[in-house]
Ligand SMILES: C[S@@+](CC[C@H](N)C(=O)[O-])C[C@H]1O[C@@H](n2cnc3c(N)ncnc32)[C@H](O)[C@@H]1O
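This document opens with one chain alone, in structure tokens, the form predicted on its own.
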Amino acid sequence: MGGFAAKDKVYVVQTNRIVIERCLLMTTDPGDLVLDPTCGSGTTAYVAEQWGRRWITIDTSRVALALARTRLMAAKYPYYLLAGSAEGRKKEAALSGAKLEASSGKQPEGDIRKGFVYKRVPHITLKSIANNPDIREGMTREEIDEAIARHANTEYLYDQPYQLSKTVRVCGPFTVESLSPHRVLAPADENMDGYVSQRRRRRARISRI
């Protein structure tokens, strides 16, 4: 697939970032929690961080966790325009043509759960053109295009949010947690205290026979 060369792989089973990105954008919203029980090189966490999703990733390999941690700490992301920020509200008002309402001050500034300001395109169908009340016989092509644009539905491009070109974002704070190494207990250790007497060992051998 495009955008993924063999030299870009840092882990043997590393997944194409574009595949994870498409799945995440189709099934989650900004602020949602994404769980990846097989961390690998950290592609899911990387993509989730880029698109404003919270994430938890798990792996039994210390190598995989080290690779993912290094990848996230060294990553640089584009800064997408938040719909809940002052700049985002201005941009949204300019795109929709609505009047910008003054903020009451009670709304949290830059709430990621409100999403980003996305690019949008008119969604035009043959039915919308045929039922357009502003299209009349004798109109020029420019007038027809304007009439279609006035009544066309808007389709949001959720993979194309507006971004601030002069601002670069890094990964937010995260923690790496691990469990203590597990002890391997013998089947004859009935008390699970790490000690097996000679009598228990003999009894275990007899029962296996």
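The structure presented is a predicted model; accordingly, all values stated were derived computationally and were not measured. The first residue of the shown sequence is 1; numbering continues from there.
Unshown form predicted in complex with this ligand; subsequent notes refer to it.
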{"property": "Partner proximity in the predicted complex: Ile58 to this ligand, non-hydrogen atom cutoff 4.5 Å", "result": "yes"}
{"property": "Thr38, heavy atom within 4.5 angstroms of this ligand in the predicted complex", "result": "yes"}
{"property": "Exercise: Ala64 in contact with this ligand in the predicted complex, heavy atom 4.5 Å", "result": "yes"}
{"property": "Contact label in the predicted complex: Gln50 to this ligand, heavy atom within 4.5 Å", "result": "no"}
{"property": "Non-hydrogen atom within 4.5 angstroms of this ligand in the predicted complex for each of Tyr11, Gln14 and Thr43", "result": "yes"}
